[in-house]
Ligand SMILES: Cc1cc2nc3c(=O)[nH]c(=O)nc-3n(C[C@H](O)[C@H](O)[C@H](O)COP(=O)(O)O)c2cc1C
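One chain follows as structure tokens, the form predicted alone.
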Amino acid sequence: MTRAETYFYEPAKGHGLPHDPFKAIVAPRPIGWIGSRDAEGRGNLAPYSFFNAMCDTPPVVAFSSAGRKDSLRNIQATGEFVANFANQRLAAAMNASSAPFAHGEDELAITGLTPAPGRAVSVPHVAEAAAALECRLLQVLELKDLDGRSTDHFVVFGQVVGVHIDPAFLNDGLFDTGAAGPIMRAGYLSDYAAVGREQIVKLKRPKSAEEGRDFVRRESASD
């Protein structure tokens, strides 16, 4: 079968489509439901869809803020934050916490969620969350384009210094991602993807180049 020519565009010149497809292509993306406190101790809770783990030794997560929002300012002031696990059960509260509340209003309280005290940081986490990562700030990186101009986007890197896990989602000592049911950003304004146990696919990672070749041969033979 001959593949049709791809639709190609250069972002700097415009995509020519009804909506920018970039966020739909790089998807689904985990949601960093970021909890923070300002210098006066007032709480903030907001979801960020540009979020992920960067490495595991030490464990580091990062999220990107479009502009200097409350989360960024709070973290720069205190050096601490929490990344709460956003799942299907908490999707409505997560979405509500994205509203543009005034600085100093605590979205955790507004959404009716329960604050649980931090252990390694002073920032509380969402008690109802399946898991939460307590983090200390490593650095804030201002993103610039190819011409060296500021994009007004900032990446916040944090080292995980404490982990909370709801025991209900520990299965034989393993965190059961499918049972926890993460909800992730999947494209346009209201699109989300939900993951359950039925969506989890297990693939054994090849331990050698020969195992990798064997996998390719088996897949080719099954076509």
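These figures come from a predicted structure and were not determined experimentally. We number the residues from 1 along the sequence you see.
Omitted here: the form predicted together with the ligand. The next part is about that form.
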property	result
N44, K69 and A99 each touching the ligand in the model of the complex (heavy atom, 4.5 Å)	yes
In the model of the complex, segment of 90 to 98, 118 to 126, 76 to 84, 141 to 149 with a heavy atom within 4.5 Å of the ligand	90 to 98
Contact label in the model of the complex: R37 to the ligand, heavy atom within 4.5 Å	no
4.5 angstroms heavy atom contact with the ligand in the model of the complex for F169	no
Contact test in the model of the complex: D106 vs the ligand, heavy atoms, 4.5 Å	no
The ligand contact in the model of the complex: H164, any heavy atom under 4.5 Å	no
Residues of 174 to 204 having any heavy atom within 4.5 Å of the ligand in the model of the complex, listed in sequence order	R185, Y192
